[in-house]
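Okay, so we've got the same protein chain twice, two forms, each given alone as structure tokens, structure 1 and structure 2.
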Structure 1
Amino acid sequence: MEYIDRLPAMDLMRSEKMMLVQLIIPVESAHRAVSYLGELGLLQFRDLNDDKSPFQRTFVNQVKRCAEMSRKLRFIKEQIHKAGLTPSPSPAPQPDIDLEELEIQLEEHEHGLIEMNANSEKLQQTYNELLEFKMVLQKAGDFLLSTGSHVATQETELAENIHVNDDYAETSSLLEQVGSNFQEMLPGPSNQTGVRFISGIICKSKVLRFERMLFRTTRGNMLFNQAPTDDQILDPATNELVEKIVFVVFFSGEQARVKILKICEAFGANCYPVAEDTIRRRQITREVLSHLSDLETTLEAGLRHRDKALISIGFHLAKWMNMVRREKAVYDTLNMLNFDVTKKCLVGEGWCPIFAKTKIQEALQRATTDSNSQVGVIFHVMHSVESPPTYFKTNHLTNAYQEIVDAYGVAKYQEANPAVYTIITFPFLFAVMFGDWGHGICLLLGALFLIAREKKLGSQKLGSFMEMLFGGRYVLLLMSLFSIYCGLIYNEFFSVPFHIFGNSAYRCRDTTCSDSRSVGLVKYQDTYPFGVDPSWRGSRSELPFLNSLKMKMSILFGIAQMNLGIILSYFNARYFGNSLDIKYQFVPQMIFLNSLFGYLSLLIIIKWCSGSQADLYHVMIYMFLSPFEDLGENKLFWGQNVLQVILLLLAVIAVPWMLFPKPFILKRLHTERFQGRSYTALGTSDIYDDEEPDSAREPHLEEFNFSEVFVHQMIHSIEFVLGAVSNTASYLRLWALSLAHSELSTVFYEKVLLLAWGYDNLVIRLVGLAVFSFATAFILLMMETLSAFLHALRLHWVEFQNKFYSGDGYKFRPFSFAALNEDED
């Protein structure tokens, strides 16, 4: 036992030792101290103002200021994005500025940008108006040029209108209207000045409704001419090009004019006057054109100016955003601190790993000297009954495995960490299911590619799928290495056996080899040195042989891993000083599992070594059904009968052993501990509550509920007993998936590749090759990897971890600027 204690500590086995510390920071150095701690990133602050809403906290104004600044930064970023520039940090070193300065600068920049935008928008507006005017002049001019024929057309148009209205003239009121219209309109065509027109421009999408509305209001008493413009107009609001249409409406009467203008306004149509005689029109067009070119240069100059300003801001943008983000995080953290009674100090509490104590003290010391504070920061360790957070120091490789374990549940503080074993067992169990060294090499190449480009890929944003692959690159690496290993054992390269380790141990009985499929081969030399003999491939007994091998292997791996799990529960109990769990949980569990399935493993090994032909099913089943009967030809070793009876007895004893003693002992301990003390205990806990209202340090005495404990223990025992059977069976998935994988790849190889190769036709061969490689890539490499991964995951989460892992801890989340940046990106 001492030997175990003398073993060197495993880093990853137990989470870091944590301590609850209290910081008393003078107000003047608080900000600096917290930001130094943020750089260090090893202290997790506890929120001492949980009951206060965000705007009741102390530093709410600073937080608001930071939010305001980050809003401005977002605005600037958006502007830069809109202008089509990419913000890049300048190569030149940037001067450090403090927050107040930054705030002023941001204010200026935002103001400047808004002003520039407003100016350019105004210019754009005028420019658009002029452009529209130009278009209207051009298009409307065309309509007006045919003034001579225009009267005539309008006449016919009117006649048509009347005709149309006649069709609808069922109601008397409409008839009346038509009549009156006709009366009104009669002098129209004869009198040239009676017909007037409005010209303008409108969005293409609205033109149909516009025309209909005009038609309705004037009761069809108008002529609507339209022409699409040649180029599109930039809409200043959305920054998009809009297609517009020039229209000219001819009508008569003052009332109609007012109505039409109103409709134009309602539809956002811009009306421009067009002179009727050609000479004046030309003159106006010339003027407009000159204005336009002037404006164009002004606009461009404005844009250039803005772009320059944006680029100069863009140099600092990333740095500033980072700074504001940090600052906000610092104030958010400061908001978690409490003021002490004198209001001169801030009191904070937090968790930190013990190894970081000196570093934290150093940082605090630095903060004190840097801020010229008279009083240093007081740093002292507190006692806590609350369970500390779990913190594992991981590296690139171990991180992914820790994540796999954490996905199930974060380890309880200082609990044995299954990730230690997962690093090897996970890829190994994966490989047992994925054993094929051809596929393994493909995976290896992928993993190596990801690892080689680690730096580059790590810095950029990946899609969710790539992100996942990249995160698990080291898992992938080990998985592929183990697959190659298992593939060599299974002797499969894309399902083809290779003679790597010498010739097969079997050969035909004679030179013709005619009876190789019926009678079989003979062994003429030593067993194949490594892995499965290539001669098994394609033989009649290939499947029975491989199934028997893989099935037994799966059970051995399963029993080994479950035993490891139970042993870990021993280490846990030992570590937490819980002898009860060792005596009444670990020992009977060990006995139960090994007396039944440990015995099975033993039988398997003996059978393998001795080459016996005993039927293990029979042995196991009749061990329960008739333990005293003679084994007959299934006997593997001397004394097996007696051993079986003893093991069976042990297993039967182990069940009540793990069920009954523990709850009764717990009950006795409880009554002993609190005998005659129950009243005083209640009283003291009340007093504690009064003395320390903010955080009662004393644990509230838990009431011991025997029935609850007993039921819990019963569930636990039943789960273990049933689990021993079902979990062992569950490990058979190793065999099943491995079989599925090898059969699938055989099918693709034989039925696709070899079939296609049988034809003496290049096209068919190419098609066959293509189908084979697609099937290999997508079905075998992607789908099968995924399924084997998931099954390995299950075996670890359920079969392995339920033996010892409670996983009800919470993660250590230190206040750290580095983590902050990751979150934001």
Structure 2
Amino acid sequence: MEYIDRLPAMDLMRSEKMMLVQLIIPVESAHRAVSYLGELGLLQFRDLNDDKSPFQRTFVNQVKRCAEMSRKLRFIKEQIHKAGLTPSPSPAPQPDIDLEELEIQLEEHEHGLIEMNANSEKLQQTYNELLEFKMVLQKAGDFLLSTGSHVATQETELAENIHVNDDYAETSSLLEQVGSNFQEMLPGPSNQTGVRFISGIICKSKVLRFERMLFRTTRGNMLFNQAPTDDQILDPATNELVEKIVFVVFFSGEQARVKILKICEAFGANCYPVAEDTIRRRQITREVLSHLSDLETTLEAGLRHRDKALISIGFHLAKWMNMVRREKAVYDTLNMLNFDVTKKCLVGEGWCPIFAKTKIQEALQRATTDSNSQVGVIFHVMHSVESPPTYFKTNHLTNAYQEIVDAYGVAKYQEANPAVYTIITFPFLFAVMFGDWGHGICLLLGALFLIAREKKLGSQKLGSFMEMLFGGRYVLLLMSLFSIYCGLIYNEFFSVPFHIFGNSAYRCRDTTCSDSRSVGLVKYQDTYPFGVDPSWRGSRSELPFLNSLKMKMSILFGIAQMNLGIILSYFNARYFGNSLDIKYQFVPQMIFLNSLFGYLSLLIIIKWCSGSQADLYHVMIYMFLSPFEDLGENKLFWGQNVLQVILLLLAVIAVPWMLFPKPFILKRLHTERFQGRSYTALGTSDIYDDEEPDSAREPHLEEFNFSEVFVHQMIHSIEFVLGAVSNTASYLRLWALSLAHSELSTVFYEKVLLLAWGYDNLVIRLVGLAVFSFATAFILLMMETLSAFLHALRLHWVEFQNKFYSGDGYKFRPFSFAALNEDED
């Protein structure tokens, strides 16, 4: 044990040692001190004003000002993107600007942009109206000309078909009135009996409903003509081009005119007056074209002026946004400090790593000097009974694995970190399920591509899937390397075996091993030096052999990883000085697990080494049913019967060993405490496990409840006993997924690629190759990768980490400008 204590500490094994510090900062240097601490990013402030609402805090007005400036900057950024411009920093050095000056400039810029947008919208609306008027004049004029040319024909047809009776005079159709009164057709309220018309323009998507409504409202007494416009019209509201239809409605009567106008208003149709006189229409058209030309010139000049203003602002936009973001973060942090009016200082508390103490003091001293303060910042280390935050220093490689562990739960302060072992065990267990060195090479190429373009991709805004893939690039790298290693052991390259390490140790007894009725393979030389012998592939005994190999291998890996988890619980208990957990949890758990499943692992290894034909299922089952029965041909070594009885007794003893001693010892110690006896307080995890991260870590001795502690220990013991069985069985997923991956690869290779290659046709071969490539890429490389990843994740979170990892801590989140992002504007 002394040797272990003398070993150098591992950075990632336990979180950084933290300390609670108190800062007493003069008002004149408070802003600068917090800014320097934000640049350093090594101090997590505690909120000392948690009982106050955001509107009751000291610097609420400054926060509101920063929020308003952020809103204006977002508005300017939206205008730049809307105009199709790209904001880029100025190549020339930019002069520093004060926050008050920036606030004035942003107010001016926003007011100017709003005014320019309003003028542009008005001009665009006027331009659209004139453009619509021009189109209505052209199309409606064509309608009127065609109607006038057919008047004589219509009058003749109507005269021939008139029926002289009393009813016809009352129900004469609109078409008759068009023929008889076309000369009197003038729009306006003065003509009450003649046929009149209304012309306008409407969106193409509304024209069918519009016509149907007109027909029903006028009971069919109207004539509706329509024609599509030649050009699309820009909608200023959506800034999109819209297709529109010009229409002319012929009707009779003032009541119909009022109804039609109301329907036009309801459907958003714009109505324009059109003169019947051809000369007058041409004159109006010329005037409209002249106005359109002037408006186009004005609009282009306005857009150029606005784009010029936006480009000049865009040079400074990134700097201004970063400045406002930082200022808001500083004032939000200052609101977490206590303001003492009498002493003219701010009092703050926070957590920082011990190694950062000197850096923080230097930053505070620099803030005092730069602000010309007569009084320095007081830096005081406090004693705390609270649980400190957890902080691990990670790099590009270890960060992804730490995130995998933190997704389950953040480690308790100074608790053993599973990420140290996850770096190796996670990609290895993935590769056990995914083992194929052809597929592994494909994953390796993808990982190397992401790593090679790390700087470029890291500075870009990626999609959710690509961002997840880029964040796990080093996980993907190790998974691919281990997949190549396991693929070489399985001797599978897209399910095809190769004689990489020499000739096979077996020969076929018959012509083909798969068709033989007797034993297919006969060993004639030394064992294949590395991995699975390629002769097993395609033989009659391939599947039983690989099943047996992978199933036993999965059990060995599972028992080894669960033992590692229990051993880590010993180091946790030893580090925290908890002797009860060592004696009454670690020891019986190791005995129980290894008495049963450790013994099974030993039998597997002995069977492999000796080449015995013993049935391990029979051995393990009758170890419980008939422990004293002779094993017969299933006996693997001398003294196996006696050893089985001893291991079975140890497993039975280990269960009450886990259950009873610890609760009664805790009760006795609690009783001694109230009798005034001196002893050392136990740091057992059972007393403090239910506390919140921010609560004071004080022993609630008066609240000790023996029944609650006993039930908790009983649940923990039952969970471990049942979990030892279920977790061992859970590791068989390594065998199942490895078998599924291998069989899928074989099916795609034999039933798609080889089948297509059997035809002497280039098209069929290309189709077969395309289907094989698609299946390999999307099923084997994407779906199977995701499946193996999730199963490896489950094995680590449940089967491994539940043996030692509480995961009830909270992350160290220092105040840092580097952690700010655009979403916090």
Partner chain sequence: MYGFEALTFNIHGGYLEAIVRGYRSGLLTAADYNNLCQCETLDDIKMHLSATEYGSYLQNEPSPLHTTTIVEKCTLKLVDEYKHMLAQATEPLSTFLEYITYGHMIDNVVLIVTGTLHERDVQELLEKCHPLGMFDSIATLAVAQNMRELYRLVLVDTPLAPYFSECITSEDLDDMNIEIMRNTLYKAYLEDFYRFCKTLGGATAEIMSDLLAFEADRRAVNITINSIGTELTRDDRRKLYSNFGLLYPYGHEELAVCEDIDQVRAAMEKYPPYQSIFSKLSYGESQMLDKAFYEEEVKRLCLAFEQQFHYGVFFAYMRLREQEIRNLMWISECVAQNQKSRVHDSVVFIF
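Fair warning: this is a prediction, and the values are worked out from it, not measured in the lab. Heads up, when I say rigid core I mean the largest set of C-alphas that superpose within 1.5 Å between the two forms. Structure 1 provides the reference sequence; residues are numbered from 1 along it.
Participant: I need to confirm something. Of structure 1 and structure 2, which is the form predicted in complex with the partner chain?
Facilitator: Pick structure 1; the other is not the form predicted in complex with the partner chain.
Participant: With the chain broken into two rigid parts between structures 1 and 2, is residue 470 in the part that holds residue 786?
Facilitator: Same part, yes.
Participant: What turn in degrees does the smaller rigid part make against its larger partner between structures 1 and 2?
Facilitator: So the smaller rigid part is rotated by 11 degrees.
Participant: Where the rigid core has been superposed, how far does the Cα of residue 302 end up moving between structures 1 and 2, given in Å?
Facilitator: Comparing the two forms, residue 302 shifts 3.5 Å at C-alpha.
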